[in-house]
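Next up: just one chain, as structure tokens, the form predicted on its own.
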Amino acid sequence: MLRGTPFHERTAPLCEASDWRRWGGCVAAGAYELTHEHEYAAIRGTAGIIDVSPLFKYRVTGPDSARLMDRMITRDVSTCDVGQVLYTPWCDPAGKVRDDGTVHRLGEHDFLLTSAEPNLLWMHDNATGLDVTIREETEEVGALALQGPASREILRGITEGAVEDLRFFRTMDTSIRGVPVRISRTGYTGDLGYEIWVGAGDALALWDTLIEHGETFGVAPAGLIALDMVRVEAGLILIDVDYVPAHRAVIEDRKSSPFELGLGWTVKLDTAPFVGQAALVAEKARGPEWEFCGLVVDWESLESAYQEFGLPPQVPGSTVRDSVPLYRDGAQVGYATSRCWSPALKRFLALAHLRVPHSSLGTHLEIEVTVEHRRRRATATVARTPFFDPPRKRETPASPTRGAA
């Protein structure tokens, strides 16, 4: 049976659209209002509050906790300071991605791993012979993503700690109006933002404080439809949409390595041995066959495809997740996975897998579009991601407690 998150008592009455989605065994709001436009605008213009509690959360402690992390993930945990967060994929022995998520180093021998899908058995399999304790705390900990340009100012007024000093991909223990929380400067929107981790028993008090204090800033609850749009603008991958987890792929062609997903920067090949390392060393030497890229669809060519039938161009109001072919010189060279119209950038964007000879920035391709039940093609250009990348996402302003950065 699907369960509610620790915030469900507050989110359920707000979900006017009754638009509920399944996520990690929970129900999560797709949109609170009848349309998601206001929620998208809040994330990009002020701040949105997104219930991300369904993320799976695993606490890893013990003398060999760092060894387990190094054995599992492609990052080098020895370089991760206490209070730092790493984004990372983890792979099967063939170097294909099983899942991706974050590793929070909370102490010398204390880690939190978050993921979109269950990983407890996989973690135990890799912990063989190690002095380590793995405890799932998914239902014990609620999580809210406060994302958008006003998020720092909202937290500054209610947090008992210098949250303005918190750097990008760092975490801190503090409290909000007396509620103990952990705040990480992370998120899935490509904007300035924070994720707030709280014990399930204090979840409602945290929600009430954020809504009450954030009202003057224009804060709004935001659902998964708006989140899906902003993560495309940020060029961020989504499991089961932009890649198939290796352990569930029924054929080899559906599997992807970190290099093929644009995550080569997360792969540290000169570290302690990790699962899939040998395969990734070999792939790095020969070069990947695929590359994950951004695309911008040419508006005039899209307009022409619709004009053939006397119609104005039509773009999706939310992210489209079905796969469509990409062509170059008449031959298929890849496929697009996630596509959306960006209200902030006023462009039709896509994320795509391309064969390496056709993945260079500026390469002109054709993307399949369907107009009046007929297949047509529009021009698309390979573009750099993230499409949306404001400086405020990484910047930490000078403050009286810290001085100039």
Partner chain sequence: MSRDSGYDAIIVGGGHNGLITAAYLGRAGLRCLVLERRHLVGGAAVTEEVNPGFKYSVASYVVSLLRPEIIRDLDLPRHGLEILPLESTVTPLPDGDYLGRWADHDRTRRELYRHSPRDAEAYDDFGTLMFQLAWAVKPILAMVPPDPLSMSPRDLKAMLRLGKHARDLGEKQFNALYKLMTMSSADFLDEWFEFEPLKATMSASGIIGTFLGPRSPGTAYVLLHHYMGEIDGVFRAWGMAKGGNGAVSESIASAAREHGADIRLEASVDRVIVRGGRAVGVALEGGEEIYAKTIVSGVDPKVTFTRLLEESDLPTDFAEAIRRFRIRGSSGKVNLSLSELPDFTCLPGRGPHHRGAFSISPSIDYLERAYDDAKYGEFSRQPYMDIIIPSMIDPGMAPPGKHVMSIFVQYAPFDLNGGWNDAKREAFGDAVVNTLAEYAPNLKEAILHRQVMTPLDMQEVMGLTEGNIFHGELSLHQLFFYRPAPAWSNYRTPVKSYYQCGSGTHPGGGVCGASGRLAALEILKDLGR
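Residue numbers count along the first chain shown, from 1. Bear in mind the structure is a predicted one, so any value in this text is a computation, not a measurement.
This next part talks about the form predicted together with its partner chain, which is not shown.
- The candidate stretches are 349 to 357, 57 to 65, 366 to 374, 43 to 51, and the one lying within 4.5 Å of its partner chain in the predicted complex by heavy atoms is 43 to 51.
- Three-residue candidate spot G218, Q307 and P312; every residue lies within 4.5 angstroms of its partner chain in the predicted complex by at least one non-hydrogen atom.
- Among heavy atoms of D270, none comes within 4.5 Å of its partner chain in the predicted complex.
- Contact annotation: E300 falls within 4.5 Å of its partner chain in the predicted complex, judged by heavy atom distances.
- Contact annotation: D70 falls outside 4.5 Å of its partner chain in the predicted complex, judged by heavy atom distances.
- The closest non-hydrogen atom of L361 lies beyond 4.5 Å of its partner chain in the predicted complex.
- Residues of 330 to 361 lying near its partner chain in the predicted complex, listed in sequence order, are W341, A344, L345, K346, R347, the criterion being any heavy atom within 4.5 Å.
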